[in-house]
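Consider the single chain below, provided in structure tokens and representing the form predicted on its own.
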Amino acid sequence: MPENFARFRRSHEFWLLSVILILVVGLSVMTEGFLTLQNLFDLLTSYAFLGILASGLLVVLISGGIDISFTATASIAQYITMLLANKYGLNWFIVFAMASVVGIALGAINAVLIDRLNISSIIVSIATLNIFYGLLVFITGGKYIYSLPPWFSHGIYWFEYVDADEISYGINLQILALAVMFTLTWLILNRTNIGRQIYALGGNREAAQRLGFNVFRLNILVYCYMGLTAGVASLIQAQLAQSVAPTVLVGKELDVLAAVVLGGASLAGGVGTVFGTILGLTLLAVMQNGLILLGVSSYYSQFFVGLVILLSVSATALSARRKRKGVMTE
């Protein structure tokens, strides 16, 4: 037990957790509304969309790739699914299956282009982001969908609790989907042979090929999983917003990338944990919410997000450099 705690104290997650606790204490002292059940519940609900996407991006980054086209994928999956749900009725199972299939198909396009054409993943995903988004806006004319099926608009609300101010809380669709996707990602990365292969692929692609790993299948898996999470995230965002807007989701890539990188995932691949990503998402949510409660202009939000990403990446790089020096001296 002491050895485990000592190991945890040296980890990136420990320092990240420490920063979060300091921020929470500071914001609780400086503001009245931060450490309230209502604010924390709203944060968990509103950041579920980013969290689900972060769970998918974590897998891609660990594999040594990167994908920033997921917001366009989510926009397409959301629009197609809700358009057909309004037209044919459908149900929860079909709606989630349809959004997932659309997301997986678009993720497979990324994987094929990256692997078969041997093009950098960031170049491919920038291109497909613009292609997917451009086609969606062109075909739809940017028209919103305001009318959603009643059963979808109502969502779910389990274990409802009403406080003294008659404000209700419970497990809604956003919280449930977030918990399911983080759990699924953890199981894939930590309890399957495929998860170990994904880490190995990101750590050393050439070595993974020599060991006989099917790199193409692994790429298909990780980018299709990113597409799956985009499909799921698109629906919980539509249910929260009570509408579908083809132009709203694109532009949130930086926040998702920030959460994963803050959590300790390396852009070079082979490194990253679900717990770290959860902490990264928490830090991002606390920081952005704190700025709002302190009355800081929203224009500064992206500045702080970018600054924190830079500091986090720099700290990770310095830590890796120290470890390499330690190995060389030994």
Partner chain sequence: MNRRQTLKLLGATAIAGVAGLPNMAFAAAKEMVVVVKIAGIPWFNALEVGVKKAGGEFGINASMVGPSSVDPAQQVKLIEDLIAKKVDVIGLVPLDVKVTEPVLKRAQAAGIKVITHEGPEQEGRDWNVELIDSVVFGEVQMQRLAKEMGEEGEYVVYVGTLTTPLHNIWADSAIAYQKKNYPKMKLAADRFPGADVTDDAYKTTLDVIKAYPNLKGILGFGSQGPIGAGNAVREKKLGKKIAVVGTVLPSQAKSLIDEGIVREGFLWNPTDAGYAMVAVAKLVLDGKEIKDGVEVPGLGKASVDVAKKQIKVEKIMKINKETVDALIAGGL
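The structure displayed is predicted, hence computed values, not measured ones. Positions refer to the first chain, counted from 1.
Form predicted together with its partner chain: not shown, discussed below.
Inset, instruction - Given its partner chain in the predicted complex, answer whether the residues 144, 237 and 293 all have a heavy atom inside 4.5 Å of it. - result: Judged in the predicted complex, 144, 237 and 293 all sit within 4.5 Å of its partner chain.
Inset, instruction - Select, from the options 262-270, 22-30, 62-70, 42-50, the stretch whose residues sit within 4.5 angstroms of its partner chain in the predicted complex by heavy atom distance. - result: Careful reading of the contacts points to 42-50.
Inset, instruction - Please run the contact check for residue 200 against its partner chain in the predicted complex: heavy atoms, 4.5 angstroms, yes or no? - result: Heavy-atom contact with its partner chain at 4.5 Å: absent for residue 200.
Legend entry - residue 86, heavy atom within 4.5 angstroms of its partner chain in the predicted complex: No - in the predicted complex, heavy atoms of residue 86 and its partner chain never come within 4.5 Å of each other.
Inset, instruction - Report whether the minimum heavy atom distance between residue 100 and its partner chain in the predicted complex is within 4.5 Å. - result: Residue-level check for residue 100: no, no contact with its partner chain.
Inset, instruction - Consider residue 185 of the chain shown here, and say whether it contacts its partner chain in the predicted complex, taking contact as heavy atoms within 4.5 Å. - result: It does not: once its partner chain is placed as it appears in the predicted complex, residue 185 has no heavy atom within 4.5 Å of it.
Legend entry - Position in contact with its partner chain when the complex is considered in the predicted complex, options 190, 204, 214, 242, heavy atoms within 4.5 Å: Only one option qualifies, and that one is 242.
Legend entry - its partner chain: the contacting residue among 247, 209, 120, 91 in the predicted complex [heavy atom, 4.5 Å]: For this set of options, the contacting one is 247.
Inset, instruction - Could you list which residues of 279-309 come within 4.5 Å of its partner chain in the predicted complex, counting heavy atoms only? - result: The stretch 279-309, when checked against its partner chain in the predicted complex, contributes 288, 289, 292, 293, 295, 297, 298, 299 at the 4.5 Å heavy-atom cut-off.
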